[in-house]
Structures are given as C-alpha cells and as structure tokens.
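Just the one chain here, the form predicted alone, laid out as structure tokens.
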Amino acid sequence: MTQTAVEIEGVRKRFGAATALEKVDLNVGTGEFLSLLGSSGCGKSTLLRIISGFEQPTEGSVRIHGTDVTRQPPERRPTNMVFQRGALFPHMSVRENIAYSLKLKRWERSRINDRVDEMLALVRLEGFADREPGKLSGGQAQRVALARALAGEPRVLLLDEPLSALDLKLRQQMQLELRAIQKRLGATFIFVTHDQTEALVMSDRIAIMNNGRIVQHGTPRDIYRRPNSVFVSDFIGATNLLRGTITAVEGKRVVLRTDSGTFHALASDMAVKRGERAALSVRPEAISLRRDPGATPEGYSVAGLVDEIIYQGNTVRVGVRAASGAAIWIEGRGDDFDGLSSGTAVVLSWAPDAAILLREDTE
C-alpha cells in the first residue's frame, strides 16, 4: 500500500478580499509524480507555495510524512523547490551552485564533493562543473537548478512551471528527462503546469484546478477518457462539445437534442432527467470519417463539409462544418485523409461509448 507523502486538508487562502484557494483537500503518495494543472490564476502556484512554507494558509493544514508543518518555515520542511527560471547564483560556478545548500547544512567537504558529482551525473552535466551560469543554455541551467534542489535529498520536490520558459523541442526533451530522474530516485514530485500535454506525459496523477478548487484528480488516462465536467473535458486535450437538451432517458441511455442533430449517449453513473442541459464530449481521434453522404448510423453521426485541413507531420486534423454551423474536429494518420479537400461532403460517426455525457452545470 502506497504511503502518503503530503496531506492537504481544508486549505483556504485569501489575499484581502480575494480568495485564491477554497477548501482544497488532496493527498500525494510517496514516490508519486503529481501535477497541479490549470490556467493562470487558478491557485496552483499558491497551493505549491503553501506546501513549501513560502505562504501560510488562511485555514486548513499541511502534513508531510505525517508531521504537521502548517506553521513551519520553509527551511524546516523536508521539501525543496525548483522555480520557473532556475534562479542560479550568477557569481558561482555550477559546482558551487549545487553545493551551496549542502555547505549551509555543514556537510563535510568530501561528502559535498561526492554528492555534487552524483548530481552532475544524474542530470548529465559532468563536464560543466566549473562553468558559470551565464554560459549555460536554458535547458542546462534548469538541469543545474534541478540538481541543486535534489542535492539535499528533499523528501518532496516542488516544481513551479520549471519548463515553461524553454522552447518546444527542449521542453519535450526535458519532460522525459525529468520523468526519468524522478523514477530513478523514487522521489515525490509535485509539479505545477498550465500545459495539458506536459501533465499527461509526465504524471502518475493529475489534479485539475479551477477558481481555487480541485475539480477532478486521477490518472491521466482516467481524466482524459472520463472527465467529470464540461470544463475538464474542454481543458484537458482537444475535444468536440455538442451542447443540447436531454429529451428522453431510457435507463442508462439518454437522447440529447442539439443544433447538430439528435444523439444517443450513455449516462454512465450520472443521474440525469429530461429537460436538463447537457453536452456530449467526443475526442477528435474517436471520430471516423466517411466520404459518402448516404445512410448514416442512427444516433451518433453528423454530416457536413470539410472546412479545414491541418497537417501536423504524422497526423492530420480535419475541421468539418456541420449543417448547424458547428465546427467538429477529427484527427488521424495522414494517409487516412489522402485526397480530401475543402468542400468535400463527409459523414462523421463514432461509437456510442466514445461520447461522454456531461451536465452543463458541472463546469
């Protein structure tokens, strides 16, 4: 059974009249890579700073490995933080940056040297020990910041959007490196990001935040395939939302009338009733395209005209304009859409279990 590394209970945070966090409850397992995901201003960085001790909660408690640290200062907590920009000391070499916190802890010189060498090897910067921070690339600087944070053996490492300032290719490379380092060490990482792909790629579990609350948490697969709200479905990855009114409920089967047609969907465990507003969420990769506008499967298909084709290397995104005017996006391999052009009449269809029914009022 996984032990709990961090327990957050009933945490609220107010800055004057503004509420940054509202009754946040969350447990993070030992050795887990958890991402706090949300748009700017949702409260994710504030929550991270409360875990680190750089902010105090207005209400609630924080425990790390069973110890209440709610009122403890940062230096007394078994945590360390990596910021958006590495914040390296410019007048110190790479080696001196990594060794700095160890000197404050009065480690012996030989132990410090061994630990610095170990950290440089971990982040694959063995030949950079004597280099000045100003002569490092962005990715190298972030790896040094990571090595410095890990050198003191924190039980929990907190990372506040440490990759957001990097270019796309380097960011993708660093995502894999950071994940590999975390797995190798078996450490607990809490990672703040606004990048949905980053969270999906790196995390054991994701906690999605909105307006100071955690609105859903779970594995990347669960959140992507079974979002619990229109907000989560629209925020995590690309999706098509077909909004309408429930006109019939037949056991677990629901009929939803939208501007783009009438659809059947499975209500799963959600209690619904006739007359409620709801939306179908259908992921682009779950939709099939046919080029003949003949008979279509009842309840889960839409006819329309190809409006836009976007090539993305190995994959292609196709935008189809339904008769209602709604834009529906599909995605697949490039050769699936060979010969397709703007204005082509097509029929889009999907399996009934590929459409997730969501209440509009759960946003």
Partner chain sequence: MGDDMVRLRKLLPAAFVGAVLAYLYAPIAVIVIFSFTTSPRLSMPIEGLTLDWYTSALSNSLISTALRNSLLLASVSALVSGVIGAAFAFGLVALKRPRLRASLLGASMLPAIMPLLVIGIALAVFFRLMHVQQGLLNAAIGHVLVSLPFVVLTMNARLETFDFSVLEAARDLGATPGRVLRDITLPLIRPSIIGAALLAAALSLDEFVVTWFNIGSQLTVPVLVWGLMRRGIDPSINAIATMLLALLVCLVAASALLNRKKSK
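Numbering follows the first chain given and starts at 1. This is a predicted model, so every value here is computed, not measured.
The next section is about a form of this same protein that is not shown, the form predicted together with the partner chain.
In the predicted complex, the partner chain sits within 4.5 Å of a heavy atom belonging to Arg148.
Under a 4.5 angstroms non-hydrogen atom cutoff, the partner chain in the predicted complex has Met81 among its neighbouring residues. Although the partner is absent here, Phe54 is a contact residue: one of its heavy atoms lies within 4.5 angstroms of the partner chain in the predicted complex. At a distance threshold of 4.5 angstroms between non-hydrogen atoms, Pro133 is out of contact with the partner chain in the predicted complex. The stretch among 88-96, 117-125, 271-279, 203-211 whose residues place heavy atoms within 4.5 Å of the partner chain in the predicted complex is 88-96. Though the partner chain is absent from this view, in the predicted complex it lies within 4.5 Å of a heavy atom of just one residue from Asp167, Asp222, Glu75, Asp292, which is Glu75.
This chain is drawn without the partner chain; in the predicted complex, the residue among Leu104, Ala238, Ala180, Ala248 with a heavy atom within 4.5 Å of it is Leu104.
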